[in-house]
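Encoded as structure tokens, the following chain is the form predicted alone, with no partner shown.
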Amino acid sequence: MLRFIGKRLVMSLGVLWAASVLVFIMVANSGDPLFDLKMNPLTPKASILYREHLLHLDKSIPERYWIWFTGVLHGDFGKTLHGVPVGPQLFTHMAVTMKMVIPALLLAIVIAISLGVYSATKRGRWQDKGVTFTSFLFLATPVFVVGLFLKFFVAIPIDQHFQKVILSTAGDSSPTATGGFFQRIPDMLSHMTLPTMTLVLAVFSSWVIYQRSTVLDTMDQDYVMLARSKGISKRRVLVRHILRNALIPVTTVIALDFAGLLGGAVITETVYSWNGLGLWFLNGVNALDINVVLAYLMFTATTVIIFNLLADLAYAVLDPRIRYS
């Protein structure tokens, strides 16, 4: 197992390096971040030259990449267009986004697996059709539509009914929230509920459909029919023989979809005005802030690679027949 992990880590580092090269080339050729400054006739030439030197724009792309890459290896992600270090900003905004993404991921996994198994066990019945219809409905609905629906047709009516803020619709925290961690929990939950549910509804649907399909496929396998013929209880057959094997392909899908979850977080943060990675990234794109965009894209690439490695390791847990060498 350790040997396998070592091999995968080496391969992952190679993939991450290749991704960094491609991402840097695309971002570096996306436009001139000092275009507006250069178009202002009142801007002194010396100021433009200084900013170009500060951002290494006076060097070739290979030189700029090497400066950026060696900096990242030392934990330095460069500076923004305003001269602020990118690294601290990345981790600050990441902490905000993870407050939404991690609970959404865990909830979506639990809901998707539960509904997928339930739908498969009720194959052809109204329960199965209801789950399938609902899943396809949310699959076809854009994330921002789900967010706006929850915001205007769920949160606002509830707040108006109780005449106080139960479900916050803007920001990741209230300016008036004070005290320690436990004192701020009600405020955190108030702000987290809607964005988390928006992400859950945006990503769980495809997992439900896939889980249902894999369970149905596993139910028709010979070893499952043999287990049933031996008189083993339906519950034990479902848990030990069907669910455990049906989770293996779903694990891969969930790992690959984590990047999609981060993409959904960008839209969700825009809808609910969260100052997380999504809004930070969009502001960086609009301003052509190269180092901000690079930091976000490399963070996304790194998380995808890590989750795929974790998915590979989960296979051995779900199926004891799988052994890595």
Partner chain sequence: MSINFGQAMSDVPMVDIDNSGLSEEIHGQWRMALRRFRRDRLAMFGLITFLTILLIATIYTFVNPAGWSELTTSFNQPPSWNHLFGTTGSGLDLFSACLKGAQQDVIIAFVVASISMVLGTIAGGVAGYYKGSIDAVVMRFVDLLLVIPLLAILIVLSRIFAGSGNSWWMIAILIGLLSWTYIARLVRAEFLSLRERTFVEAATALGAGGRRIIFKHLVPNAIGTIIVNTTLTVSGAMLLESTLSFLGLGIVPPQVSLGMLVQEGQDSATTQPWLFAFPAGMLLVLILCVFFIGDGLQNALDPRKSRSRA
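C-alpha atoms forming the largest set that superposes within 1.5 Å between two forms make up the rigid core. Bear in mind the structure is a predicted one, so any value in this text is a computation, not a measurement. Numbering follows the first chain given and starts at 1.
There is also a form predicted together with the partner chain; it is not shown, and the following applies to it.
When contacts are defined as a non-hydrogen atom within 4.5 Å, none of 91, 95 and 200 contacts the partner chain in the model of the complex. Proximity to the partner chain in the model of the complex, taken as heavy atoms within 4.5 Å, picks out 205 to 213 from the listed stretches 186 to 194, 205 to 213, 78 to 86, 167 to 175.
Contact check for residue 23: a heavy atom falls within 4.5 Å of the partner chain in the model of the complex.
Taking the partner from the other structure, the partner chain in the model of the complex has a heavy atom within 4.5 Å of a heavy atom of residue 148. Interface residue remark: residue 152 is counted as part of the site for the partner chain in the model of the complex, having a heavy atom within 4.5 Å.
Remark: residue 162 does not count among the residues lining the partner chain in the model of the complex, judged by a heavy atom distance of 4.5 Å or less. Note on contacts: among 256, 46, 39, 54, the single residue with a heavy atom within 4.5 Å of the partner chain in the model of the complex is 256. The contact residue chosen from 60, 30, 70, 273 relative to the partner chain in the model of the complex is 30, the criterion being a non-hydrogen atom within 4.5 angstroms. Although the partner chain is not shown here, in the model of the complex the stretch 293 to 311 places heavy atoms of 293, 296, 297, 300, 301, 304, 305 within 4.5 Å of it, in sequence order.
The two forms, fitted on the rigid core, differ between the shown form and the other one by 2 Å or more at the CA of residue 10.
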